[in-house]
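One chain follows as structure tokens, the form predicted alone.
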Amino acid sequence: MRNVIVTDPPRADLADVDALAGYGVATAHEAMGRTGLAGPHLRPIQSGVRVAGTAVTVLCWPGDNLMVHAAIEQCRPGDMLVVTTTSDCVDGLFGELFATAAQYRGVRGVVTSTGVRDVAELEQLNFPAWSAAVHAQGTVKATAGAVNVPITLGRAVVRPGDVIVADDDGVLCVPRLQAGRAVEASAARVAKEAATRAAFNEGQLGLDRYGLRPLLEQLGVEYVAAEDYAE
């Protein structure tokens, strides 16, 4: 690993970022062809929050949050801190003081494969966080890492400037160069779902709307009366 702090990486356009925040994780994920999810282990400490921002990536050593301090200097309004470690770690790498410093610089939230702590204070600050754990275990500041380099966050590869979308459903990474297309695809999916919702409200079944009856027949699924099945 090269110990670097990369300054001023290109970022996705904030208009696209904000649009994706409105669509949310599930819609954008489906619209992108079911790609980009970080995985089910990253959960929000709060509920009812939907946010998106441009990634400032942080690679730390386990139990060491030195590079988070370095990363905050590189943050600007509209960013999301995305923190991981070189090997598994659930120590509380991020807490209230980091959130205070990050919020001053316009950071919209944090996503980390580690643990967070000071949960009550983070909620009071309205600073959203997604993490693999909540853990009060403290950390040191001793080992060099990297800022604004490509990292692996669960199942997703995150590059600086990519769009991070996070809500109650989890965390999604939209590559920077695909953000505009993801917005268009998400809008199309929302329109399609609205039409489907209207049809369901009028009593149409998914079996018919999606043309699934022939598939059931093809798969050998039979309709059998209860009295016949009992025999």
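Just so it is clear, the structure is predicted and the values come from calculations on it, not from any experiment. Each residue number is its position in the shown sequence, starting from 1.
The same protein also exists as the form predicted in complex with another copy of the chain; that form is not shown, yet it is the one meant from here on.
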In the model of the complex, does residue 149 have a heavy atom within 4.5 Å of another copy of the chain? yes
So, in the model of the complex, is residue 221 in contact with another copy of the chain at a 4.5 angstroms heavy atom limit? yes
Residue 205: heavy atom within 4.5 Å of another copy of the chain in the model of the complex? yes
Is residue 15 close enough to another copy of the chain in the model of the complex to count, meaning some heavy atom within 4.5 Å? no
Would you give me the residues of 90-104 that have any heavy atom within 4.5 Å of another copy of the chain in the model of the complex, in order from first to last? 90, 91, 96, 97, 100, 101, 104
